[in-house]
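Coming up is one lone chain in structure tokens, specifically the form predicted on its own.
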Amino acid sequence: MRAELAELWRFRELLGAMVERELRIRYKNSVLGFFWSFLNPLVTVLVMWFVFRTLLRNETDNYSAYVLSAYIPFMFFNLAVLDSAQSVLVSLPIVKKVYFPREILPLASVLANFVHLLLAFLVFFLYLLVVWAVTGFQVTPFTWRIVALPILLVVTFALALGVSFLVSALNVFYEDVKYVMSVVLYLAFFLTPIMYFSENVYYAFSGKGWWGEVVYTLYHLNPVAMLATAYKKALVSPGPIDISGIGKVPPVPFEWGYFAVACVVSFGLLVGGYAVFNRLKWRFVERP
């Protein structure tokens, strides 16, 4: 693997050019350009806010900020995996004629989406400042926990890249993979605390005996779910959470053990996914 990484570094200029191409192509001839990357999640979150705050009477303070802080990284993971799934397959004519490290293809897709993630978070912080100003500068939206953001971004990037290596390599030989991943990511959206909170899961299964603890544990062993909770707790000032049927409850303490598992799984998938990709990449040219 060390030789592959050295070869990848030697082609770093090609990687940079391909990332730039990905960024240019996505919003070519678009008036709003990058802001489409933020407009879509913002509109989605506003709809969620209207449904949960107005129709379902959820009284959690800063609900829209909570949802947006988890929705932005989830959409990065979603788009990075789905874009990279086709990255090798659509470039097979070039792969069969020109030599370059094949891992550049999924890596460029993930890096391009990561740039959009960073820009989206800049707009997210502006959104927090606007909400703070509208509410009369009562409670600052920023806390010391924001220093954890770089760590969360690194772990999220590792998870997305590891899955992307696996999916992009397997999709060359089994095109069902991209359809399976579309379904898995769709279900993952509802199995991830984006529209709701980790506290909802906690109180739903508390007092259910050993099987309730098992469900709660399995839920948080999902690294995507754990990262969504981590982003909420790091980026939004903590406050009471409104749980349907119970009322406002104090936030559950952050589960450091589950977060450690999420880190191990994310970097494990990165190493394992890269190893699988390197093992299969020389067979890409065999595909008719």
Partner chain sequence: MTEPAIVVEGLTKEFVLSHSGAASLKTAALWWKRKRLERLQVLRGLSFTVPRGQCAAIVGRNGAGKSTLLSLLARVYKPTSGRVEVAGRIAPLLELGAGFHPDLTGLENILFNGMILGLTRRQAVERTHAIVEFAELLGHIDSPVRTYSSGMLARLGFSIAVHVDADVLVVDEVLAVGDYAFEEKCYRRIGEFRESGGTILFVSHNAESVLRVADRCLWLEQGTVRMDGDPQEVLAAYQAPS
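Numbering follows the first chain given and starts at 1. As the structure is a computational prediction, the values presented were derived from the model and not from experiment.
One more form of this protein exists, namely the form predicted together with its partner chain; it is left out here, but the text below deals with it.
Which residue among Y186, Y174, W210, W144 has a heavy atom within 4.5 angstroms of its partner chain in the model of the complex?
-> Only one listed residue qualifies here, and that residue is Y174.
Non-hydrogen atom contact F11 with its partner chain in the model of the complex at 4.5 angstroms = Judged by the heavy-atom cut-off of 4.5 Å, F11 is in contact with its partner chain in the model of the complex.
4.5 angstroms heavy atom contact with its partner chain in the model of the complex for F100 = Yes, F100 lies within 4.5 Å of its partner chain in the model of the complex.
Is L280 close enough to touch its partner chain in the model of the complex, meaning at least one heavy atom pair within 4.5 Å?
-> No - in the model of the complex, heavy atoms of L280 and its partner chain never come within 4.5 Å of each other.
Interface membership of L270, its partner chain in the model of the complex, 4.5 Å heavy atom rule = No, no contact at 4.5 Å.
Which single stretch, out of 88-96, 120-128, 195-203, 158-166, brings residue heavy atoms within 4.5 Å of its partner chain in the model of the complex?
-> It is the stretch 88-96.
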